[in-house]
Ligand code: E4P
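The chain that follows stands alone, in the form predicted on its own, written as structure tokens.
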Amino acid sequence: MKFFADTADVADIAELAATGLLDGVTTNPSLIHKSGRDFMEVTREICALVDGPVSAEVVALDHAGMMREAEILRKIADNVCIKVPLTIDGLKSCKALTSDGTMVNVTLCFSAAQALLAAKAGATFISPFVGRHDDNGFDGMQLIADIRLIYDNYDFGTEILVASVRHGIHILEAAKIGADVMTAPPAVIRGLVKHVLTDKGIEGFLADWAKTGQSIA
């Protein structure tokens, strides 16, 4: 499973990239607003930090507007992935962009039927929002399982990018289902390394090492 960071915080991205765990980055207008920085500037910096796809979202709602904005965004760097909403105009733009060799992330997916449409439109990634799905009384992981089944049935090349990830269980369950990618806030990614028994083991080893009076030098 590929790991994307869902953030526009350049410092967080740089730290994760240094671990070798980061395969890409997703941003959206809300994350850009939270960063308090210029959209084009921060996107350019992120693209320089990671080799993988960096999703940059259009804000126009009509096909012509999406295409105009996409033309500007994809000039930032070769690894820019244009993010479009799951609407008719979004799917039309997806088809036009992927046919031209541009990566496209179709976002705000909440049903397997929507995911099917995105795959038929040639999406590089489909982003089902599991956390928001759970918040509204639905089963986010069942949505991922349904999309995986449909995509495998027809050998679609679109990658399932699990989004709106809230905790490590979302990541683990998505991996068990066979999702291609997950995107999560840096804090959630870092949280995967934590385990009480790991901490206790380190504590015990260090205590015993101190008793030896030795050092590694």
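These figures come from a predicted structure and were not determined experimentally. The first residue of the shown sequence is 1; numbering continues from there.
Omitted here: the form predicted in complex with erythose-4-phosphate. The next part is about that form.
### Message
Looking at 71 to 79, 141 to 149, 124 to 132, 88 to 96, which stretch has residues with any non-hydrogen atom within 4.5 Å of erythose-4-phosphate in the model of the complex?
### Response
Residues of 124 to 132 come within 4.5 Å of the partner.
### Query
Looking at the partner-bound form in the model of the complex, is L31 within 4.5 Å of erythose-4-phosphate by any heavy atom?
Yes, L31 is a contact residue.
### Message
Considering non-hydrogen atoms and a 4.5 Å limit, does erythose-4-phosphate approach H63 in the model of the complex?
### Response
No, H63 sits far enough from erythose-4-phosphate in the model of the complex that none of its heavy atoms falls within 4.5 Å.
### Query
Does V54 reach erythose-4-phosphate in the model of the complex, with heavy atoms at most 4.5 Å apart?
No.
### Query
Within a 4.5 Å heavy atom cut-off, is S164 in contact with erythose-4-phosphate in the model of the complex?
S164 belongs to the contact set for erythose-4-phosphate.
### Task
Output the sequence-ordered list of residues from 1 to 26 with at least one heavy atom within 4.5 Å of erythose-4-phosphate in the model of the complex.
Contacting residues: D6, T26.
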